Each structure stands twice: as structure tokens, then as C-alpha cells.
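Let's start with one chain on its own, the form predicted alone, as C-alpha cells.
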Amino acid sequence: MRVTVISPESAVFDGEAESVVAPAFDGELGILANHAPLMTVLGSGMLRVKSGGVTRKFQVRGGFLQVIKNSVRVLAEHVQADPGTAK
């Protein structure tokens, strides 16, 4: 599935991924390929995107997550890549 992570400054990640785990406002949300359409408000926490066997981590706060037609869009008010993960 296609995953895009966008901050107010730039696109932080744009590529294919096997899974996404996101901090929704009421708990963590796991997304795999062919997930049902969804729109949710993001909370604060670690966004994890597994792509090519590597898990990329981003600290996010606020914003929205949308899943539609095998595409995940994360529009966060604040995004910071975890320095301990691959770029």
C-alpha cells in the first residue's frame, strides 16, 4: 500500500509499506493492505511504518490519518523522525 507522511513543512515519507501503526486519539491503530476506508484524528505518539522489512519511526502529534483505496495519508501538525531508525 502507498503511505505518505506529511508535516506542515514537507513530505517526510512517501513510499510503499507493508504496515502502519499510528497513535489515534483513542489508542493505537494498525493498518495493513486493503484496509477498509477510514478517517481518524491523530493523538500523540510513535507512528511506525514498515517498508521493505525496515520499520521507520516518527514522533507525531495532532492531525489526521486517512485510509482510502490502499493508500494511507498521515497529515500531522508535528512530525519528527526518530534518529534511531533508517531514513
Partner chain sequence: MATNRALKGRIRSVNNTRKITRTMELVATSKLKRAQDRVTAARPFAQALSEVIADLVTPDLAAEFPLLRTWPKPAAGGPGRAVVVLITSNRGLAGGFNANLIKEAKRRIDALSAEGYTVELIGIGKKGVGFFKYIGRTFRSERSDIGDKPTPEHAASVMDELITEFAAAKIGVVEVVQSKFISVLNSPPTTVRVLPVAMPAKAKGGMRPDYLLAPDAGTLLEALLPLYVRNMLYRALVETVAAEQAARRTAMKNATDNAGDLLEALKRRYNRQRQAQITQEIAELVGGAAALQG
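Remember, it's a predicted structure, so these values are computed and weren't measured experimentally. Numbering follows the first chain given and starts at 1.
FYI, the form predicted together with the partner chain isn't displayed, but the following is about it.
**Q** With the partner left out here, if you bring back the partner chain in the predicted bound form, are Val21, Ile31 and Ala81 all within 4.5 Å of it by some heavy atom?
**A** No.
**Q** Applying a 4.5 Å heavy atom distance criterion, does Met1 contact the partner chain in the predicted bound form?
**A** No, Met1 is distant from the partner.
**Q** Considering only heavy atoms, tell me if Ser10 and the partner chain come within 4.5 Å of each other in the predicted bound form.
**A** Result yes; Ser10 sits at the interface with the partner chain in the predicted bound form.
**Q** Hey, in the predicted bound form, is Val41 touching the partner chain, heavy atoms inside 4.5 Å?
**A** Yes, Val41 sits close enough to the partner chain in the predicted bound form that at least one of its heavy atoms falls within 4.5 Å.
**Q** Tell me, yes or no, whether Val67 is in contact with the partner chain in the predicted bound form, where a contact means a heavy atom of each within 4.5 Å.
**A** Yes - in the predicted bound form, heavy atoms of Val67 and the partner chain come within 4.5 Å of each other.
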